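Form predicted on its own, single chain, as structure tokens, below.
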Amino acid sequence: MTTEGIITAKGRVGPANRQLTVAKVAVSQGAGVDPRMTRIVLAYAAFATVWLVIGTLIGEFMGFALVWPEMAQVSWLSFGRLRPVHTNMVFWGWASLGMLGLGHYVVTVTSRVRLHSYALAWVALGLINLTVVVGTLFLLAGVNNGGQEYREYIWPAMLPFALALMLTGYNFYRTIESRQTDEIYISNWWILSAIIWTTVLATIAYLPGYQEGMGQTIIQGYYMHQGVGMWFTPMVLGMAYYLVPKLLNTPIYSYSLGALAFSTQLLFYTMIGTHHFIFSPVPWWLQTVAIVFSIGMVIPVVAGTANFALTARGKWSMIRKSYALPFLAAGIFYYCFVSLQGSLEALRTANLYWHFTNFTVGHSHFSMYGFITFMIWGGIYGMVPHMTGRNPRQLLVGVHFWLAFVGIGIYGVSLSIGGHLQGVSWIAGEAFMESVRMMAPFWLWRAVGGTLMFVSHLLFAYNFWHMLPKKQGEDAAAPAPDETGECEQVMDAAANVEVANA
């Protein structure tokens, strides 16, 4: 992408053909890519993209409704109904499908075998889509699981998702079992464990008959935090342990650091859910245990972040030339930032000011968007061109990145500042409505940031469509993927790195 005769800051005409964006290294179709696996990954990513656009369109509407409440006068457009539609759709529709689609590829390529069953992968895809459709219809009709955050879907709607997880777990297990490598690559530890943990979590969350009174509250804290820490986090970290070294064409810095991060994640994360109920009637000792284990989370976060940073040491120029690595770098940054922020929020003094305010909304978006979503985008931009041989337009990828990156920054920072001031107002004993009026300008900035993010999703959808394989006969007319003349094939050159540390 070039321009001619650029006017410089001093009014002179600059050199012709100056690059508007950093030239990206084009990726060609990898040799021996399994077409059945390609179809599975593309199908998962395509449905994920649809749910991302619809789910965040609903979020965009809610953001505007906070600024102009008269927009939501119809019951099914009320904030209380649309909010769980938005969160569940992006959790189970966008993020889960995106992660599982990429997970199918990572598990097979790091095990150096074909998928155990392609049919099971298609069945799981159908079941998850069924969950999102049925769950959304129930929520819009006002049928839900009560005020239990992130498990608003009633159990008949969530049952297909649980079945899909079990089928996928079995499929991945049998694939890894037949691997052609001596060791199980660390990505597969994370991915397989995430599915096992989440299957257990869903069973505990929806098993009837024992959740009453305070017990239900404790289970709720356990469920909603494990959903993030034992499902989304290990799935995308498992992908990152494959993608980062592969795209950088270098082995992961330390297998031992990866094992340390994995084991301490399992040790500490399972006990931190109650830090959402500090100063509540939940037993004081249980609150203290959650705080201690939240501080312990510093160990896996620092170990994991350092491992990725040291892997990228001396390779920073490659990040600028890659479609995918900027997204992965942003995701790793947010992984470190939001995790340490979460440990800080667990402390009683910080919790007193920030919890139940808009600060928590900003924190959750830093987590699910800055960390999880950016990592999925990095995976799709990194893997899809490798499977289809079709690269996105580098200018549009750059616009997508910066709109999303700036958007989440505006969104999160405005809610963090406003949420802190909310907490100060409540502690000072001011009337609740004063804190609502005070939030008005911060909700406006939230809508601005959310709009940038939503526009970036439309660009991502277009970029994904552009990466899909052309119909037969159109490929011959398509331009060469590498318009810059740089033909370095990072993906192919890194083929031997995939399991170098296994």
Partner chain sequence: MLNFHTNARALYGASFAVFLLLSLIVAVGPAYWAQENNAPLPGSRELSEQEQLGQHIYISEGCVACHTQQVRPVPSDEVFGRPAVPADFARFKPKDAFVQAPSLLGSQRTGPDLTNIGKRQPSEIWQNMHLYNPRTVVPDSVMPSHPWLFKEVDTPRPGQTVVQLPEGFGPANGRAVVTTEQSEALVAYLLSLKQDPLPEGSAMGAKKGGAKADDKGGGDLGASVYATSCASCHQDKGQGMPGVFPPLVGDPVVIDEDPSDHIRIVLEGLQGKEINGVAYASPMTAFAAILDDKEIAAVVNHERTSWGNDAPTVTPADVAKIRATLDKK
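Keep in mind that what you see is a predicted model, and the values were worked out from it rather than measured. Numbering follows the first chain given and starts at 1.
Only in words, not in the display: the form predicted in complex with the partner chain, which the text now covers.
- In summary, among the residues L159, V134, A330, M230, the only one with a non-hydrogen atom within 4.5 Å of the partner chain in the predicted complex is M230.
- In summary, among the residues L120, L163, L130, M271, the only one with a non-hydrogen atom within 4.5 Å of the partner chain in the predicted complex is M271.
- When contacts are judged by a 4.5 Å heavy atom cut-off, Q148 counts as touching the partner chain in the predicted complex.
- Contact annotation: P69 falls within 4.5 Å of the partner chain in the predicted complex, judged by heavy atom distances.
- The closest heavy atom approach of Q422 to the partner chain in the predicted complex falls within 4.5 Å.
- Among heavy atoms of N171, none comes within 4.5 Å of the partner chain in the predicted complex.
- If you check the partner chain in the predicted complex, you find a heavy atom from every one of V74, R81 and L207 within 4.5 Å.
- Note on the interface: of 185-193, 94-102, 246-254, 397-405, the segment with non-hydrogen atoms within 4.5 angstroms of the partner chain in the predicted complex is 185-193.
- Taking the partner chain as positioned in the predicted complex, the residues of 345-381 that bring a heavy atom within 4.5 Å of it are, in sequence order, N351, L352, H355, F356, T357, N358, T360, V361.
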